[in-house]
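Listed next as structure tokens is one chain, alone, in the form predicted on its own.
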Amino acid sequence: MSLDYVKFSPGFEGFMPKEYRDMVEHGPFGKKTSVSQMGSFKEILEEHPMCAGCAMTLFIRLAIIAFPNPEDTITVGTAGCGRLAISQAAIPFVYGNYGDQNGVASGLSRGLRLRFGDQPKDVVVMVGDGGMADIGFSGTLHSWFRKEKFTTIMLDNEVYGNTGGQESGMTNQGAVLKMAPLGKKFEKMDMLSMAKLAGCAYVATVVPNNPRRVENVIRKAVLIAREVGPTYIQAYTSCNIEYAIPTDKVLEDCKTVEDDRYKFSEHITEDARDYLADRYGYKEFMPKPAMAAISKA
């Protein structure tokens, strides 16, 4: 989990597989890459066993590109579709027991801060709605209330897509699924309000059909979590299998859902806003006098 680990040991370069050589020579480690450059560098996640047209995989791919320092990042997951892709990425991945991912991430984040001090080591949880809002609900909220400094990302496909189509707390009321033939009886859980109430420094909703927005949201969330406090991103990542969405209509569905119930939103605390402006020069959060000085320069 450092740039030194990615490099070749002296004399071993010629023995390494081509995929690894490409990652070292043309990958994003130690560089500043963007989704706008996709296709011009070796990505950390390229191959996976997910279903064709899976919106979740697209989002995960974009999210990993957006990590500020991928060579200093650990992802944490649990049972569910998402870990099938996340575990294939060329960065460390910790697979926790079902539902305990935020507890695992808490220990990792604290330990890395003790070991490396001021050197940023980012921990990012990426888990589906069932693992986070249902079975992992207690661990998720307690990590937020404790103000643990890592990013939590919900891959919300609004169903238990990995286990046959059961309803989750994030399934919409009335939705009929293979394992919920009578339709869900209660409303979708409001995890966004709970994240804000629990004191998350940054909370956002996003869909994968706007890559630049996904990148912007992920970067801000990870940077804020380094110093200010917990951050939460809720991403709509449809299950085209359980909801019978044709492969070529997946992004069209994302747009429809975005317009209907998943509009882009951001919540940021004053401390987080100041931190992004002062430490990383985010112009959108700078005071007007500072912005005027930059414009004149």
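This is a predicted model, so every value here is computed, not measured. One rule holds for the numbers: they count along the sequence shown, beginning at 1.
What follows is about the form predicted together with a small molecule, which we do not show.
- Think of it this way: in the model of the complex, the small molecule has a heavy atom of just one of 150, 144, 160, 202 within 4.5 Å, and the residue is 160.
- Checking 79, 177, 91, 112 for any heavy atom within 4.5 Å of the small molecule in the model of the complex turns up a single hit: 79.
- For the small molecule in the model of the complex, the listed stretch (222-230, 81-89, 207-215, 113-121) containing residues with heavy atoms inside 4.5 Å is 81-89.
- Proximity of residue 98 to the small molecule in the model of the complex: non-hydrogen atoms within 4.5 Å are present.
- Shown alone here, residue 63 lies farther than 4.5 Å from the small molecule in the model of the complex, counting heavy atoms only.
- Using a 4.5 angstroms limit between non-hydrogen atoms, residue 235 is distant from the small molecule in the model of the complex.
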